[in-house]
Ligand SMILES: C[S@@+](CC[C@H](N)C(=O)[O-])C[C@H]1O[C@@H](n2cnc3c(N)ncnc32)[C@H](O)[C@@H]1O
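Just one chain is shown here, as structure tokens, and it is the form predicted alone.
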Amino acid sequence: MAADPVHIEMTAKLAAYYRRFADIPFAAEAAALIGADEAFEELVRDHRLDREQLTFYAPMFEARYKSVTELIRKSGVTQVLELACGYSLRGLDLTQDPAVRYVETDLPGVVATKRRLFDLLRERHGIAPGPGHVLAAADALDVDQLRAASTSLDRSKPVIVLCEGLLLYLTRHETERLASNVHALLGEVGGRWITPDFVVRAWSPELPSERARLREAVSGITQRQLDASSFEDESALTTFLERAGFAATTHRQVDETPAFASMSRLGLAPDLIERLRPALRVWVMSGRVD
């Protein structure tokens, strides 16, 4: 990925900041330990943003995280390869079940910070490291790096390849390469690709000015145009996935989210959830056999 990894790391801290308002395991502790609040405050200050108008994003991040976790559990698949994991603690949470194998990957800077984060959380909660939970440096756009990172997975069993938040920062060409990499991996071991990341412009409402300004700030910091790989409508996305060799089912994140803790914690209006429902989707894909 061409962008400076230091700049991309900021987006991982931003996601961690918003997840801390939910009741996601380890989320509040992780945000505190990596300085997510400080990173958010710096972003707000430097770009003169109104934080009160940005609380809207907390239930979006909560829905994204919880819906993906719920679909992993419902799938019955016990092996996960997560791409661009950021500071999500899903791997630490799910591997409390010894039957689960979880490999999470990201760029080296994030991985180094996350190793220290894991050490602190394991010590604090009395969690022993185990062979079923692996953290490795790997670029999601390099299939050989992904193969090397996932050698601890049982190749006789299916795998869920997961990315949450990655596609938002990729170009269409990079998205095509990622899809090719995932298709190749699933062709070797079987399984599914889960992501909430596809953006369909026909489903996306026009953003209020403050949220648009936040996106502009993030785009400037990451040196990436957000949603550069977005699709005009559902038909365009379906065509892309078919060409990439995938058959997909679509779920609404809100319907797969058991509860929203961030709503009451931030005093948000109850009708917000219904307003979010149409745009927030998550895709579960399998490689077609042609």
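Residue indices: 1-based, along the sequence shown. Source: prediction; values computed, not measured.
Another form, the form predicted in complex with the named molecule, is not on view; read the next lines as being about it.
For G91, no non-hydrogen atom is located within 4.5 Å of the named molecule in the model of the complex, even though that partner is not displayed. The closest heavy atom approach of V110 to the named molecule in the model of the complex falls within 4.5 Å. Looking at R281, you'd find every heavy atom of it more than 4.5 angstroms from the named molecule in the model of the complex.
For A22, no non-hydrogen atom is located within 4.5 Å of the named molecule in the model of the complex, even though that partner is not displayed.
With the named molecule omitted here, the record of contacts in the model of the complex names 81-89 of 151-159, 81-89, 94-102, 115-123, defined by a heavy atom within 4.5 Å. Listed residues L135, L185, L166, I72 were compared with the named molecule in the model of the complex; L166 is the one with a heavy atom within 4.5 Å. A heavy atom within 4.5 Å of the named molecule in the model of the complex is found for exactly one of L141, A179, V189, V77: L141. Taking the named molecule as positioned in the model of the complex, the residues of 11-46 that bring a heavy atom within 4.5 Å of it are, in sequence order, T11, A12, A15, R19.
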